[in-house]
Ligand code: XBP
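Before any questions on binding or motion, here is one chain by itself as structure tokens, the form predicted alone.
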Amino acid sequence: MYGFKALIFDVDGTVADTERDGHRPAFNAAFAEVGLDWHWDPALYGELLAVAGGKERIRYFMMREGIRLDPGADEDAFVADLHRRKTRHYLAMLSQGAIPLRPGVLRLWREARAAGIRLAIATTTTPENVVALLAHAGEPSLADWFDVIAAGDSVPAKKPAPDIYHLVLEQLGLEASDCIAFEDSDNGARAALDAGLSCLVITTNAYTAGQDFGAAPLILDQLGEPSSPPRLAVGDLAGRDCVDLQALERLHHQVTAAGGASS
């Protein structure tokens, strides 16, 4: 019996390394499709990731670059159309199996499911992106493993606002102290911590490795496998060689004994 009842996962960067070679080229393909000369290289995209949400990222880029549409043009419709095109290109990449899950993710999901620990997703990407990623992850009916998939515009305010986590907790019918959140960015960490989640594990990628993750008690480069342990930046795995339920139990106990998460 574990002290936590559910694991809540962010998707982009956490479950799969989707940003640099997934979302970014899909945005560029959408821009080219409509004749725009915009190009988001890896460095620029890393800066744009400070803004959560694809449509929000397009708007921010336009504001930053001083881009104005023709008089009378509907900016909302323009941005929505670009984002739909980007999503189509991204889903095509997923359908080809071009973006695998990160090491240890499927292993941990299997362990959690076998132990009766519930699974949920809290992400700013679209529901279509989540379902497509899970459909091509190498496990049949994987989306059915999740009690809650809260994605895209499920809430008005995206991360770093805690709204998406409040929604997931409400739909799970659980308290924040019952759950562990998995994030990869400072925006995600703030959202989880501000929602009162008692324990936060962050898997880092090239875009987020230098960010400030606040009170996160465990920061590492991947969840790892028994034959390929993760590299830890903060915290420890209590002698375990990867992030498994036993390591999470000790982490959860440490955080709750110290009075829970703080922002």
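Everything numeric here is computed off the predicted structure, so don't read it as measured data. Position 1 is the first residue in the sequence shown; the rest follow in order.
One more form of this protein exists, namely the form predicted in complex with the named molecule; it is left out here, but the text below deals with it.
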> For the chain shown here without its partner, which stretch in 46-54, 225-233, 29-37, 194-202 has non-hydrogen atoms within 4.5 angstroms of the named molecule in the predicted complex?
Replying inline: 46-54
>> At 4.5 Å between heavy atoms, is Val11 in contact with the named molecule in the predicted complex?
In response: yes
>> Taking any heavy atom pair closer than or equal to 4.5 Å as contact, tell me whether His83 reaches the named molecule in the predicted complex.
In response: yes
> in the predicted complex, does Glu19 have a heavy atom within 4.5 Å of the named molecule?
Replying inline: yes
> Relative to the named molecule in the predicted complex, which residues of 175-194 have a heavy atom no more than 4.5 Å away?
Replying inline: Asp184
